[in-house]
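Here you get one chain, nothing else, as structure tokens; it is the form predicted alone.
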């Protein structure tokens, strides 16, 4: 068996899972190289908890080295260029040759695409932004708060609604809820439209119970910091006192420059294998554009939502397929488009949904009503992900004992 080198670009959920699964399945003679610019890994689903003060940054961060086994080489550098013809990656002065390449670079946030956004708006989509928001909220005494989705697609589609409900709970605890006018504005027709009408209706009900205004079909075109107004396309401008945004998401420049991305800026992949149009090059997670076989409306194509649960599953599938191919076997594992979403609704309750996005004629969604068990499962999954590798099995057993195994994530 000839020794091989697999290079993985990106140390987020998908990249870490792929690296760990490959190392578990391949003999030590095969190199696995993980290229990531940050030495510390931050668990992004917990950024909303940092925003509200429920977590400190140290509680949701771990050294990347602690999350992968010793047999995975970590190159702390930023990938700068891809030479797909000669199978090489340039990263901060380093040149890496590969036999297989897994692109797990996620999405880039670009607030500069909307005039005034970067100057006026806060965001919970980065750790630094969540920390600034935490400080802002500590001194906030009332007014109109707007949670604004700027563009689609964006990662973690439940996060804006989760953030609004957690803000409701925060203001209620501080005795300020009566002084806060809380709203969500989005260009989408409903909450989480990619997950179908049932979850959207459930979320609208939860928002209404908390007196959180929901305004669909509002496309933000500018923010005016001077007059403190949100400017929408074909809708009246709205004044604000505090604005929290989901910034525009873009595909990484690297993939666009290398010719991996299509006109959308995202990387098209085979839905079953995650293979790109380039031989031995795969893409997983938020960087991809994966069209599903089913759709909610016959005339509107549906793409897999951008979420860590799908990056997790795709990382496993690609690693298993590569391990089989390297061993001389026929790869048999395929990605089946299954995942789940848990949205924290405050008061230690969460709503959950499981999904088969490859279902036809439309995805198959099962909705779980808001309950404490899903909130506990969300917390335990956070702890499972951040735990040293040797302790994960015990946390998984606890999750299964609580009934969280119904979410169906293979870990």
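Worth saying up front: this structure is predicted, and the values here are computed from it rather than measured. Residue numbers count along the first chain shown, from 1.
FYI, the form predicted together with a small molecule isn't displayed, but the following is about it.
Here the chain stands by itself, but in the predicted bound form one stretch of 353 to 361, 45 to 53, 22 to 30, 366 to 374, 45 to 53, has heavy atoms within 4.5 Å of the small molecule. This chain is displayed alone, yet in the predicted bound form one of 102, 267, 105, 165 has a heavy atom within 4.5 Å of the small molecule; that residue is 105. Contact with the small molecule in the predicted bound form, judged by any heavy atom within 4.5 Å, is made by just one of 161, 321, 306, 218: 306. Residue 185 falls outside the set of residues with a heavy atom inside 4.5 Å of the small molecule in the predicted bound form. Shown alone here, residue 38 lies within 4.5 Å of the small molecule in the predicted bound form, counting heavy atoms only. Using a 4.5 angstroms threshold between heavy atoms, residue 155 counts as touching the small molecule in the predicted bound form. Among residues of the shown chain, residue 125 is one whose heavy atoms approach the small molecule to within 4.5 Å in the predicted bound form.
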